[in-house]
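Just one chain follows, in the form predicted on its own, and it is written as structure tokens.
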């Protein structure tokens, strides 16, 4: 995704352009994986003195509602990354050191459906955690 594409989604949904929103999109577009609201705040404070965590969370919620960002929770903290636009069902490997996120095309759900024959599954998420080759070889 490019910043311009994200801004177009905002405008199409009745939200105005701001430099802050463009910079938030740019931050996530260039990030390797999931990032916290506090990390975004630290980044934004370099350009926007006095920006509040409320402003950060308000924009993160908006971007998530518009499917520009996706989120997950780890150790009680909500993390965000630019939404995958692959158009295909997939899961992720997430490096615990640098945050790199690699899409995984194979879905393990069929392995479990035999064990859950009397259950109705509405949705699922599958993530693997470990170290990417770069971090593993450090």
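Residue numbers count along the first chain shown, from 1. This structure is a prediction, so every number in the text was calculated from the model and none was measured.
The next section is about a form of this same protein that is not shown, the form predicted together with another copy of the chain.
K.L.:
Looking in the predicted complex, is another copy of the chain within 4.5 Å of a heavy atom from each of 43, 49 and 57?
P.N.:
None of them does, since no heavy atom lies within 4.5 Å of the partner.
K.L.:
Counting any non-hydrogen atom inside 4.5 Å, which residue from 107, 84, 98, 53 sits next to another copy of the chain in the predicted complex?
P.N.:
Exactly one residue meets the criterion: 107.
K.L.:
Give a yes/no on whether residue 88 approaches another copy of the chain to within 4.5 Å in the predicted complex, heavy atoms considered.
P.N.:
Result no; residue 88 lies far from another copy of the chain in the predicted complex.
K.L.:
Could you tell me if residue 19 has a non-hydrogen atom within 4.5 Å of another copy of the chain in the predicted complex?
P.N.:
Result no; residue 19 lies far from another copy of the chain in the predicted complex.
K.L.:
Can you work out whether residue 77 and another copy of the chain are in contact in the predicted complex, taking contact to mean some heavy atom pair no more than 4.5 Å apart?
P.N.:
Taking the distances in the predicted complex, the answer for residue 77 is yes, it comes within 4.5 Å of another copy of the chain.
K.L.:
Any chance residue 2 has a heavy atom within 4.5 Å of another copy of the chain in the predicted complex?
P.N.:
The answer is no: residue 2 has no heavy atom within 4.5 Å of another copy of the chain.
K.L.:
Just give me the residues of 105-138, first to last, that have a heavy atom within 4.5 Å of another copy of the chain in the predicted complex.
P.N.:
Counting only heavy atoms within 4.5 Å of another copy of the chain in the predicted complex, the contacting residues of 105-138 are 105, 106, 107, 108, 109, 111, 112, 114, 115, 116, 118, 119, 120, 121, 122, 123, 124, 125, 126, 127, 128, 129, 130, 131, 132, 133, 136.
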